[in-house]
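The chain below stands alone and is given in structure tokens; this is the form predicted alone.
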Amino acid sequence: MKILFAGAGALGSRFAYMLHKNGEDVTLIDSWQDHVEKIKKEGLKVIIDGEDLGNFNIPIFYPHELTGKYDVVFVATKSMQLRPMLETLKPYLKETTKVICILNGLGHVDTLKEYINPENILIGVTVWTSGLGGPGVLNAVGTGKTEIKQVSEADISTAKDIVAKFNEAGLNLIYSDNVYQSIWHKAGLNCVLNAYCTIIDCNIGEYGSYSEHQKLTDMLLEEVVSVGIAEGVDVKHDVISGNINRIFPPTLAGLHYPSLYQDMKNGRLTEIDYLNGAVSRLGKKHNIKTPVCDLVTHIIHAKEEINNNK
């Protein structure tokens, strides 16, 4: 089984490393020159839970260097990079290639369907975490799990084979009928923590230390839940709120600055249009007012624009 990781960032590198270590035929592609060149010359340096496990020679290419066809493509880009990456991947997909997408946010299935037959799309959500310690360096902690589901389920035998293959590598994949609910629950958490931490300029624990944080959370989650239910998904306010409150302690995620915050600090475009912005767009589709998500989305875009003009 030839597996391509389209994106060699933190999560793509971690999954690719685990499969490579288990003897799978894994290839990486990425456009970050320093990262690609470092891995080409020295291999991917892997640090897990503070332990340096060494350097691993996983094949990596720039997208234009890629050749051949792949059985499985794991899309590991930022949400806004999904469409350009799918355009790039066209020549390397077979009629039977399965494409796994576990990107943050909402609306990716519609984009994927423009390029891939629904029976070849595996949509999902992950709670694995990872990080990069600079170009060519994977620096990750802990473990996680991933839920996936085939968008059209006429024949899921290959999907089940992929689940088994990934699990042999310790990736804790679950084929789940509750994937869409899990996607919305994670998106709801990210709509709250990514947006508010970036606007307030704080980490997750500091957000939780604000005496009225629950009011802020509830105002936003009311919109997420209403729109999710209108989309036919059983989104539960209490589950998302509980997940948020549970990670405030510093021993969990309290000291963590969400990815959108980090993108903003580093002058990169954020994924706000696939979080609060997506809730706003879907709200208009269902004639549901989403004033909090509308406002949050505009504030984040204002910060992006001001940062870019400095």
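All residue numbers are counted from 1 along the displayed sequence. As the structure is a prediction and not an experimental result, all values here were calculated from the model.
The same protein also has a form predicted in complex with a small molecule, omitted here; what follows describes it.
Trainee: Is Ala10 near the small molecule? Define near as a heavy atom within 4.5 Å, in the predicted bound form.
Mentor: Residue-level check for Ala10: yes, a contact with the small molecule.
Trainee: May I ask you to state whether Trp128 is within 4.5 Å of the small molecule in the predicted bound form, using heavy atom distances?
Mentor: Because a heavy atom of Trp128 falls inside 4.5 Å of the small molecule in the predicted bound form, the answer is yes.
Trainee: Under a 4.5 Å heavy atom criterion, is Ile183 part of the interface with the small molecule in the predicted bound form?
Mentor: So Ile183 does not count as contacting the small molecule.
Trainee: Should Asp30 be classed as touching the small molecule in the predicted bound form when contacts are defined as heavy atoms within 4.5 Å?
Mentor: Within the cut-off, so yes.
Trainee: For the three residues Ala76, Gln81 and Asn104, verify that every one has a non-hydrogen atom within 4.5 Å of the small molecule in the predicted bound form; reply yes or no.
Mentor: Per the other structure, all of Ala76, Gln81 and Asn104 touch the small molecule.
Trainee: Considering the small molecule in the predicted bound form, find the one stretch among 90 to 98, 226 to 234, 129 to 137, 200 to 208 with heavy atoms no farther than 4.5 Å from it.
Mentor: That would be 129 to 137.
Trainee: Of Gly43, Gly242, Pro249, Pro63, which one comes within 4.5 Å of the small molecule in the predicted bound form, counting heavy atoms only?
Mentor: Result of the distance check: Pro63.
Trainee: Please tell me which of Leu112, Met85, Leu173, Ile123 lies within 4.5 Å of the small molecule in the predicted bound form, judged by heavy atoms.
Mentor: By the 4.5 Å heavy-atom cutoff, the listed residue in contact is Met85.
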